[in-house]
Ligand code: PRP
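Coming up is one lone chain in structure tokens, specifically the form predicted on its own.
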Amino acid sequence: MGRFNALKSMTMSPTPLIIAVPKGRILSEVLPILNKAGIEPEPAFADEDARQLQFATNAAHVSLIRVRSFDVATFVAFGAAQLGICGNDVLMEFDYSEIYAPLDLGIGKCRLSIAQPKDLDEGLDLSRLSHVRIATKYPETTSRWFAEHGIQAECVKLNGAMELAPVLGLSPRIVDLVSTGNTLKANGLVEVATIAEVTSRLIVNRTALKVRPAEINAWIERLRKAVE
């Protein structure tokens, strides 16, 4: 009862506060921060076989939803969740005006990079290229980066198995998230440029912040202290 009732004294709206968190490897880095901020999900959250997607927490009127990283931003932008955690790669790709990102959590560190086969005859000489074909999950970000360098990017949208694109002749290059680089190496690819360094951010729905400023700002500060 102790931890599940400890936060009831906070200023709250009768409407539940929903925090969208990403599935996958980043979740193990997110949970310690949430715990330090005083948010502990119900036991079912740790059950990999649990089919539910929304979970109660020890904080009164606060629940978590567990969704794909790209979907975190969509849930927050459209107000289905008031807070969320996602990488700035997602924020760059969608550029939702409805989202405010007040805090870099410093987790999920990786980079959004351009890669190509190590034996590709044509290098990435930006001064000599006018057109490139790129396979990527990030067509908007990729097109924008190449346009800034005066190059037209033809983006082939893929949601996974990006490394197969050069191998099977779909495109000579890819843009994807890179952490250790081991997956690229295993598929005969090398990084040739970095588009952006990536970390996970706390994001907030701007309308929710205006309507519930005391409550949401209190959680922003709790999470800020948890990161510090």
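These numbers were taken from a predicted model, which means no experiment stands behind them. Quick note: we count residues from 1 along the sequence shown, nothing fancier.
Heads up, the form predicted in complex with this ligand isn't pictured, but that's what we're talking about next.
**Student:** With the partner removed from view, which of 50 to 58, 197 to 205, 170 to 178, 29 to 37 is the stretch that lies within 4.5 Å of this ligand in the model of the complex, judged by heavy atom distances?
**Tutor:** Selected stretch: 170 to 178.
**Student:** Would you classify A161 as touching this ligand in the model of the complex, given a 4.5 Å non-hydrogen atom cut-off?
**Tutor:** Close contact exists here: in the model of the complex, A161 approaches this ligand to within 4.5 Å, heavy atoms only.
**Student:** Classify R25 as contacting or not contacting this ligand in the model of the complex by the rule of any non-hydrogen atom within 4.5 angstroms, answering yes or no.
**Tutor:** Yes.
**Student:** Decide whether T183 counts as a contact residue for this ligand in the model of the complex under a heavy atom distance cut-off of 4.5 Å.
**Tutor:** T183: yes, in contact with this ligand in the model of the complex.
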